[in-house]
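We begin with a single chain expressed as structure tokens, specifically the form predicted alone.
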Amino acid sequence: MKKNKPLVKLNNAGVYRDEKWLVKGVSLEINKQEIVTLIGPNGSGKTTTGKLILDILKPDEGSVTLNTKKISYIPQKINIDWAIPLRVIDFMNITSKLNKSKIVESLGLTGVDHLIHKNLLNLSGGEFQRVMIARAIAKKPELLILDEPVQGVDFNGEIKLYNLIKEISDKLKCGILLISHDIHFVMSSTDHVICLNGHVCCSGTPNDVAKNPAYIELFGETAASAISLYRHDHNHTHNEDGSISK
């Protein structure tokens, strides 16, 4: 059976700026219904790699091959004038007009359709992230890129967002790239992890990366034990102190 082309493929891609390599020798591919997590400390080139995939930056070496134009991106930060009242339904329509049924459907997929007329300023961190994801999936992307998607979300909210991202991948059958400096994130529903520090330090399944000496050197000796919480299936709820609710 002929294998489908990956949605995006980087082959030894690098970006050179101001007499230094921001990233160098990065190879990765993302396929439909696959979750790839890109982790690394601040300044490791994660956002630069994301911009290569989004075609915002062109590689100075290597190549980037895109086999889809249906890409949605959720940035790490967005600029909103919070002095202006903005309802969720208005926010969904900022860059492109969507009919109400598509808005309700997308908000429903992320579990926040009841917030459609609520002011953005009154949302919790988790609710706002769900609205952001709903806005990104409204046009049914084949590739979804999320940059630090759990920032400003509490512990239980993180786990729920991890599960939601997996559900979206399954329902939309899209490929997902998660960009994060949070070492815990590699233990969610990730198919492939790439550890970046200007170059690819190591890559593989979450368990393989957690045991890799390069990963441990980058994140410290406690890294492997710190992520063990995410290694099991979450068919229960954790309390804020990490204990399990029955």
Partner chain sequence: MIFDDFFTRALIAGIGIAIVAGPLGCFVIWRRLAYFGDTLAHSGLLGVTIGFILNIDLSLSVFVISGIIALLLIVLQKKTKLAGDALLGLLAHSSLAIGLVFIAILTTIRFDLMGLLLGDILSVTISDIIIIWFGGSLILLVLFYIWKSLFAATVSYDLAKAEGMNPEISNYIFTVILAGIIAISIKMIGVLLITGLLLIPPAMSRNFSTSPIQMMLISIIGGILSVVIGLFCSLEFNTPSGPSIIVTSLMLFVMSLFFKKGMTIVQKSKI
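Positions refer to the first chain, counted from 1. Note that the rigid core is defined as the largest set of C-alphas that superpose within 1.5 Å between two forms. From a predicted model like this one, the values you see are computed outputs, not experimental measurements.
Separately, the form predicted together with the partner chain exists; it is not shown, and the next lines address it.
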Mind checking whether each of 140, 159 and 164 has a heavy atom within 4.5 Å of the partner chain in the predicted bound form? no
Answer key, the partner chain contact in the predicted bound form at 4.5 Å (heavy atoms) among 123, 86, 172, 116: the residue is 86
Could you tell me which stretch in 31 to 39, 49 to 57, 173 to 181, 201 to 209 has residues with non-hydrogen atoms within 4.5 Å of the partner chain in the predicted bound form? 49 to 57
Within 4.5 Å, heavy atoms only: does residue 104 come near the partner chain in the predicted bound form? no
Quick one: is residue 151 in contact with the partner chain in the predicted bound form, heavy atoms, 4.5 Å cut-off? no
Counting only non-hydrogen atoms and a 4.5 angstroms cut-off, does residue 75 reach the partner chain in the predicted bound form? yes
Is there any non-hydrogen atom of residue 135 lying within 4.5 Å of the partner chain in the predicted bound form? yes
Using a 4.5 Å cut-off on heavy atoms, what residues in 67 to 103 are near the partner chain in the predicted bound form? 71, 72, 73, 75, 78, 79, 80, 81, 82, 83, 84, 85, 86, 87, 90, 91, 93, 94, 95, 96, 97
For a quick test of reading the superposition: does residue 97 move by 2 Å or more at the CA between the shown form and the other one, rigid core aligned? yes
Please check whether, in the predicted bound form, the CA atoms of residue 30 and residue 95 lie closer or farther apart than here, given a change of 3 Å or more. closer
